[in-house]
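The form predicted on its own is given below as one chain in structure tokens.
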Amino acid sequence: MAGEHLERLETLHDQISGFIYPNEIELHWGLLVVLYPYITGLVAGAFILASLEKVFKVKEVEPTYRLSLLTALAFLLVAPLPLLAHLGHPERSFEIFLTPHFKSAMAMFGFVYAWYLMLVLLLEIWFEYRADLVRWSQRERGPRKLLHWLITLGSRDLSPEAVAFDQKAVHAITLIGIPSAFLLHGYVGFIFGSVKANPWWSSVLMPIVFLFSAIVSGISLVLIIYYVATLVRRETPDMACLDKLASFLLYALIVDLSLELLDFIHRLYESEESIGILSELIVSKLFISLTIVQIIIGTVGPLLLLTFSRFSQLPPELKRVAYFIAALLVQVGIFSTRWNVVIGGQLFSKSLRGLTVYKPELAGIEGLFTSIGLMILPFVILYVLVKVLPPWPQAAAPTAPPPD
């Protein structure tokens, strides 16, 4: 009798939706932690797109080269803010540099961030803009002249040798920046993939999936910004550039989808004891965000739209709109991916017996309004950067200053 009673209780527990042991109720990572890998992915993807022109000589994407660098910088400046807000004591963040803990992947983010921001991205932007900044400061007056002169750090050399050195420096820094971008976002996947106690995160493919989803998100973001910016400036987007961006986005999206399918098939093949609760998680709690939003709307939809518009005879106007819509859908899908990883991995109990729910707050430091503000902030910073450092090819200063 006791055995039958125990079996009934176990069956009943398996059928109860939302059952979870009391000490497993709290979700430690919320919406702010979802934003963190999403923003760092945009940074890495935008920089990798910029490297296509300097390192791999893809001349079609040249109109977006400087824009990609400024986009990466704007989002990189905001990247640590979700984590700092989540930790609750941002004034203590400098302590990771004073008392480094090299065995903590999360603590090492500070060093990776400082390396990437100070020694890679800022240096590349400075060498890329240095000659133009000198020329701008020579022909400008007032505050803009002073600002551009300050950014040049007093440099005045416009000799062919100095300009050639600038280009060599940009090329060398970009070569260093590519693995740095991979490290910046790959370690985020490493953090999740190394949590062996969580079967939703514990996968050797997690860093690679994060990397390719970062490339997808960065390319689509730059495509969106470039398209909107050219319309705002009442210019026609370069169709060859958009076609190439759409092609790279399509190929990266195919690889990203393939890796995620491989990860899913591998989990099914292993069929560990967690496969039951993970299956229930997918078909219940994450059905809308994973199946509908991430896969159908954010992956399959853009794939079909990009394939049709890229290889059809649509008019350029319709093609541009199709690329823009596909890029927007990709952003929705990538954000949903981050949500499903961070939040989804906390919705089932450690005992693998039940599921819980997560409802984000509207206000407060972990609330929806804070997250929306953190997502708007990079675009505000980018607007300022574009005003100070125009990224458009036609904004480049002439090779020689005009006569007085």
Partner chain sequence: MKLWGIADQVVRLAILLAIVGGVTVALRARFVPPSFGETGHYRAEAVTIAAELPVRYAGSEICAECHDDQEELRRRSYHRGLSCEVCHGAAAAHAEDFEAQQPLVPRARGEACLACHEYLPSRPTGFPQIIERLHNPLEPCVGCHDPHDPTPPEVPSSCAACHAQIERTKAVSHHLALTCETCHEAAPEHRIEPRSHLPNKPTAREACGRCHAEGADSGAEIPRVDLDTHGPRYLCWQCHYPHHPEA
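Here the structure is a predicted model, which is why all the values come from computation and not from measurement. Residue numbers count along the first chain shown, from 1.
Omitted here: the form predicted in complex with its partner chain. The next part is about that form.
- Segments offered: 307-315, 147-155, 67-75, 238-246. Contacting its partner chain in the predicted bound form at heavy atom distances within 4.5 Å is 147-155.
- Remark: Tyr269 does not count among the residues lining its partner chain in the predicted bound form, judged by a heavy atom distance of 4.5 Å or less.
- Although the partner is absent here, Arg130 lies within 4.5 Å of its partner chain in the predicted bound form, judged by heavy atoms.
- Though the partner is left out of this view, Gly301 does not reach within 4.5 Å of its partner chain in the predicted bound form, counting heavy atoms only.
- In the predicted bound form, no heavy atom of Ser258 sits within 4.5 Å of its partner chain.
- When contacts are defined as a non-hydrogen atom within 4.5 Å, none of Lys57, Arg141 and Asp263 contacts its partner chain in the predicted bound form.
- In terms of contact with its partner chain in the predicted bound form, the residue from Phe190, Phe165, Tyr251, Trp115 that brings a heavy atom within 4.5 Å is Phe165.
- This chain is displayed alone, yet in the predicted bound form one of Ile297, Leu84, Leu119, Ala105 has a heavy atom within 4.5 Å of its partner chain; that residue is Leu119.
- Contacts with its partner chain in the predicted bound form, taken as any heavy atom within 4.5 Å, map within 89-112 to Phe94, Leu98, Thr99, Pro100, His101.
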